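Okay, so we've got the same protein chain twice, two forms, each given alone as structure tokens, structure 1 and structure 2.
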Structure 1
């Protein structure tokens, strides 16, 4: 059973945030068909009228929640949206980006499930900011000399994201605690890099990634983080 939040002070932005938090929890649990504004309001600890003031309809709430999740994904993986356009694809740290995606997915499985469900149901996936940047970055990469020939960026994006967001389901079912989940996140990131290095990348263009892959899995520190 999902625990109801305590009543929050009258801060419109804080209230909107707690409503979205409740909506993403219920979306991850029951999907879009199992969500209602009344149930979201109850879980958020606000009255139904307040929820309707922020989101007039159930459909608008679901759309706003998906956008909210997409924004969090974008910030975690790519950083500040205002600076993304300034980055050349040749200068992107592929290993760091892969680590950020894997770590965020492991730490936020509900958020990622909500985003993936909404993307799959969307008639226009390209309207989603995170998908547009993730798939677009692979398309830009595929057009460089660093990429192997004939990379299908859209298929590669779906494979990468589906794997990144489903792996935590496996990890959380089999890991005994947070340190093991961190280790499993790193295993996933390392294997993605290995597959990319000998699939979509030209290995000679990514010596740092080749060196990391050659070393194999990194030992874990006492705090559960992979050592450099």
Structure 2
């Protein structure tokens, strides 16, 4: 009955996955900064040296986790990546999409935050699949007649995602139990949709602001970003 710490069967892929899974668990619990390679290795039931072999540094481990989150986000919000490419912007159900984003954020608050921070700090956000699709579809939508004129899709995407991924922090601090959390998620989604439809200020009451915001002579004109 000598419990030899039996050596894990030599399977790099699987080992890497165990480590990643442990990393996810800890990241989801303690957030991006309360995590160490040692801890992860311990939880994964893997030698620390082994963990170092797969992920040279903590940063790379976090990056890898963020990539995983991006995929899950994609799946949860847009569905199967294989079938998404064919979908046209016009047929997307915005309310559904908002709900799914809000729900996923509520279910994985820390992981989403990790992903968001990685993305925002990245010099090349276009490399991220979820961002690519989210911002991209927003841009495509902005070009349609269904969208308000002069939308800055990139900024709007950041605003939406920032709200969606920080709201859970508030929600967790204020919700007593699971049902309340569901309600708060819904409340966010509702306000998000309401804001998208009507804004928060009546334009008639703010002629000067309206003038400032109007970028071109005609409502549908493209807004200029690169003007010095």
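If you superpose the two forms and keep the largest set of C-alpha atoms that fall within 1.5 Å, you have the rigid core. Positions refer to the first chain, counted from 1. Remember, predicted model here, so these are calculated numbers, not experimental data.
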**OP:** Please match the form predicted in complex with a further copy of the same chain to structure 1 or structure 2.
**Re:** 2
**OP:** Look at residue 55 and decide if its Cα position differs by 2 Å or more between the two structures after superposing on the rigid core.
**Re:** yes
Original post:
Core-aligned, does residue 203 move its Cα 2 Å or more between the two structures?
Top reply: yes
Subject >> Core superposition result - C-alpha of residue 38, shift between the two structures, Å >> reply: 3.2
